[in-house]
Each structure stands twice: as structure tokens, then as C-alpha cells.
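Single chain ahead, by itself, as C-alpha cells, in the form predicted alone.
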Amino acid sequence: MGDENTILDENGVRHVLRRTGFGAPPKELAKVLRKAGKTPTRGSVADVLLNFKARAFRPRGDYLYRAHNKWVAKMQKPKSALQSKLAVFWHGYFATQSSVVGELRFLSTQIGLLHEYARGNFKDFVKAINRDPAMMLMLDTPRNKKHALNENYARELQEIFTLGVKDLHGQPNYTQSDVVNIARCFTGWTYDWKRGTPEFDDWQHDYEADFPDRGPKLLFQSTGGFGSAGRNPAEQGEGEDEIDHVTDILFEHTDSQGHNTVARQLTQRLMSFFCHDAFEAPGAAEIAVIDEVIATSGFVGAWDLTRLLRALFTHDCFFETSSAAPYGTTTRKAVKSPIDFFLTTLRLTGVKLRTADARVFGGSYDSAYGHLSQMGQVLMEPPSVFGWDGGTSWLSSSALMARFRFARDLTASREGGGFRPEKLVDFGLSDPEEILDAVLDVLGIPDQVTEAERQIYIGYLTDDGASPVLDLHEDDTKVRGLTCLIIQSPAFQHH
């Protein structure tokens, strides 16, 4: 068992960088080791990574693929890999689709919001999302008027963004009546098309006095720990501020076990993203870990994402996916998402995307958009408001073949900005074992390959022993092929 004071070796720090960013490039690894102190601990490394300025990045473009590729290119050389990784998480959490929103500039502004609040105050974050024009368009907020309620946003605000349909023990968190009354509180909101800012139309708002037949806007009379009287956000004042009153009540909601519902739901999602897939459907052991992380961080009431993330990044569950032994079938791992796999590979191999279309200059010469589309993850176009399923869903036969093709294209790229193995591996090496160690080190998984796998790679390098000594200066084909094989391996495609 460890805690924030547990000392990390270099492989431990590599693990943290793999999970909180996109790989552990040597310069980034050295920088973190330098800043974390002579004896880096879980806490000191987490503090280094969480100490980033909340810069808002907005990927602009006239077409989706241009804006998409600008975002990908930005993440290849981020000022903070953790901020970029968190923005991707929040993009799946507050998922909006370009095809539904229709206005890329609104979606670009929302992505800036995801960067800005990435490690900020979660309650303030939700309140900002409530007023975000891209989210309004995604979930029909402008169609929600006093004479014709639209329940879409009210439902997803509870189901996805705060409470979840059911708590961690399978009990419902809200009722249809709660959906209707929250929708009433959100009536009258729209946006200024030219400026892309939220606007409130008082004339379209549902005031209780105007609709006596609808009764008071009572919430959570049977769930949430508020008692049979429930709570009425209108009691604090109706109109423009009513949506903030609703959010405050949501953040007070407790589940069937008396735990804060928002804290548990969000922490579960974060732990599934940063740890492993067991948190997708947590059992008693995982729920205990979720509660421990929440308690350690003091998240309830403060809603400080920085403190919550720090507690997560220093907990044993975060490190149990990093085994000192090589990766194996019993090691708890998570499949890298396509964007994680794509960016990690680029950053570790030093390959640059070329032209405005962000192309990999090798093999099929496909763009970032093309490669990621085939792998199943186009940024700014998640499959639904629920984001991406993740986990093993990333590994369909077609998606896996797309990953293999990308590895092939990248290691075959030779033109400017292409794969230059001589810059990463000492070409003076001739011993296959040393060459293999060098490539594994470049790809950041020197501790994750079994002896049996090593022998397979050695067999490839030596043509099963026929060429026991290599001359990389004469021919770099083998080192390119070895790199391709390792990128395609389970050890590299899992965290």
C-alpha cells in the first residue's frame, strides 16, 4: 500500500505520464523528474503535472476536419499534456456533435471552456455548460419555452452531467417529475447567433404564477435525501438565476446510501478514464476506492477538481495498472483510446504531421482525421451525447486494423518530419538485445514486455538467428519493422 509520499522510480513516473498525458517523451520525463525533486513521490509528481495555467484553446476551422486536425496538432506539442488529456475527457463527458450543433465556432468556444475549467471548480463548470451555446444547440435548450417544454437538457443534465440515472447501488436518482420541473426552470434560454453568447428571454420563461395548474417546481421529493417536501429552486427567485439554483440543489443530492451523488458519479467516470475498466461497473471494492478518493480530496462542498485529481493520481488504484512485472493477462489495464494511441505514438517517435491536412507522410499518406476516423474517434463528432463507449469497444476488427495501418504508415515515413530511428536509437549498436532495449525505451515500455515476447522480437531482428549481428547504418529496415511490431503489440496499446 502506498500514499502521496510513496517514492517513484523512473518507470513509475513514466506510468504517470502515460496515464495523465500522451506517452513519456524523454524531455518531458526529464523535466518532471527535475521539478519533482531528488526523490520524486506520487504527490510531488502529481503537483508538478497539476500546476498548469488554465489556457483556453479553441480549434477553429471552416470545416470539421480542419478544426479537428488543429486540435490534434496542438495536443502533439501541448504546454500541458494533462490539460490536453483532461480536455479530451471533458469532451466525452459534455459531449457535443458538430453535425448537430452546426456552428463550428460555437463548438470551438466550448472546447476552449473545457480547457479553461479542466481542473477548476466543478460546480462552476456545470453552470458554465448550462449557458454554453453549443450545448444549447446540442440539447435543444432554445426550443424549451413556457408553452412547449423541451425536456432534453433537463434529462441529460441529471443523467450524464451530474447524478446518473441510478446510483452506484442501482437505485434511481430522479423521476420524470424532476425532469419536467427542471425543464421549467430552464425555459427562456437562447443564444445570440452573431456573438455566440447566451441570452435569457424573460417572456419565454415559466413563472409559477403564470401556470398555477402546473404547481410549484418541486424537485426530488422521493430521491436525493431532501425528504418528501423536496426542494423548489424558484423559492430563491425565478428567472435568469433559476438554472443556478437548480445546479446548487443537484450538488446537494445524496444517493440511497447517503453519499453525495455528484461526487460519486464524477469520480467513477474519472477513475474509469484514468485507471482501468473495472470502474465502469464498480463492485463493492471499487465503490470503496471511489469513496476514499472523494474523502481524501475533500471534494464534496469545495468541488475542487485539482484536489480530486491529486487524490486519484496518488492512490494505489492508479498505480495497480503499472506492474513491475511485464504486461500480462492478469494485469489490470485499459485500452488506449484512438487519440491517445495516435498522439502517444507520434510524440514518442518524433514524427511530425505534415501540411494543413495534418498528414502522416508514409504508407497511405492519410491525415490525422482519416486515421482517427478509421480507428473510431473523431474529435468534435462523438457518436452521441454519451460520448464514446471506450474500453474494449475501441478494438473492433476494423478499428484494430486501422491501428496496425497507422503503425505501418508511421514507421514507413521517411520524408521531412518522418520517422528517423537514427535520432532515437544509437545506430552504433549491433547486438539485437541492446537494439530491442533501445526501441522499448523509446516507446516507453521497457518493463512491460515478457521474456517470451523478447525472444520473438529478437527472432525477427536476427531472422531466427541467421543474422546475429546487425548493421543499422547499412540498413534501417529491421529497426523500423521492430518499432512497428511493438507499436502494434498489446503492451503498447494498453495503459
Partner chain sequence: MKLSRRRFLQSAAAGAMLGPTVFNHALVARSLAAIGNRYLVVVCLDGGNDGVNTVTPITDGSAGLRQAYDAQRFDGNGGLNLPVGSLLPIGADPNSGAELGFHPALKALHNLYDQKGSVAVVQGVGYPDYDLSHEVSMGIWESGNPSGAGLSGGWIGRHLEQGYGPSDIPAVGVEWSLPGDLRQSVTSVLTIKRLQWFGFPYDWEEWQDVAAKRTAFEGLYAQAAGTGLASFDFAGTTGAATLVASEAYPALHDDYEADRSEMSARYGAIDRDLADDFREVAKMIHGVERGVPNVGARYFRLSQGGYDTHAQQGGQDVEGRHGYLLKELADSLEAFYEDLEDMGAASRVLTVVFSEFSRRILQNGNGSDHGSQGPMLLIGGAVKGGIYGNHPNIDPAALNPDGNTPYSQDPADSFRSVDLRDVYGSTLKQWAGMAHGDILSHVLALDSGPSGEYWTTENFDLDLFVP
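Computed from a prediction, not measured in an experiment: that's the story for all the values here. Numbering follows the first chain given and starts at 1.
This next part talks about the form predicted together with its partner chain, which is not shown.
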| property | result |
| --- | --- |
| Which of 263-271, 297-305, 117-125, 238-246 sits within 4.5 Å of its partner chain in the model of the complex, heavy atom basis | 263-271 |
| Its partner chain contact at residue 401 in the model of the complex, heavy atom, 4.5 Å | yes |
| Residue 397 within 4.5 Å of its partner chain in the model of the complex, heavy atoms | yes |
| Residue contact check: residue 388 to its partner chain in the model of the complex, 4.5 Å heavy atom | yes |
| Close approach of residue 91 to its partner chain in the model of the complex, 4.5 Å, heavy atom | no |
| Partner-contacting position among 57, 65, 52, 457 - heavy atom within 4.5 Å of its partner chain in the model of the complex | 457 |
| Selected contact from 284, 209, 229, 148, since only one has a non-hydrogen atom within 4.5 angstroms of its partner chain in the model of the complex | 148 |
| Every residue of 31, 346 and 420 near its partner chain in the model of the complex, heavy atom within 4.5 Å | no |
| In the model of the complex, residues of 476-490 near its partner chain [heavy atom within 4.5 Å] | 477, 478, 481, 485, 488, 489, 490 |
